[in-house]
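Form predicted alone, single chain, as structure tokens, below.
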């Protein structure tokens, strides 16, 4: 289906979360839509985006925040 790897999508998502940190909270759906827009729906699908988000959470690069909704954010120690 694609020549874009889950790792590439995860790295791009991480860069986006880092860029918007402190400015805007990003939901998983926001990241998914941005990746599909960036790479194209023929290369990236929902399943790949979910795998990339899981990779970010499992690796500790990002974490979930539940403040009026579920957001993907940088962990407190990575915000410096």
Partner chain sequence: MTEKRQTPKLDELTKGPWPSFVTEMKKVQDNPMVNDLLGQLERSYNEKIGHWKHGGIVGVMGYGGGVIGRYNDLPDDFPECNEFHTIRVNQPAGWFYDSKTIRKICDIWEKRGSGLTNFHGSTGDMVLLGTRTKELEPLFSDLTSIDFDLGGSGSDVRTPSCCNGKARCEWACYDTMKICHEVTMHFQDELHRPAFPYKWKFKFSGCANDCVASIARSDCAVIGTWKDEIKIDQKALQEHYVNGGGVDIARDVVNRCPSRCMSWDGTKLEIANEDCVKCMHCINVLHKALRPGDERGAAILIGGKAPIIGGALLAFTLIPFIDIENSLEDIYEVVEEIWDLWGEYGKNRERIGEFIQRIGLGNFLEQVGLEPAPEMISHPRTNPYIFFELDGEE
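This structure is a prediction, so every number in the text was calculated from the model and none was measured. Numbering follows the first chain given and starts at 1.
Although not depicted, the form predicted together with its partner chain is the subject of the following passage.
Under a 4.5 angstroms non-hydrogen atom cutoff, its partner chain in the predicted bound form has residue 71 among its neighbouring residues. Although the partner is absent here, residue 34 sits far enough away that none of its heavy atoms falls within 4.5 Å of its partner chain in the predicted bound form. Its partner chain in the predicted bound form is not approached by residue 38, whose heavy atoms all lie more than 4.5 angstroms from it. Along 26-58, these residues reach a heavy atom to within 4.5 Å of its partner chain in the predicted bound form: 27, 28, 29, 33, 46, 50, 54, 57, 58.
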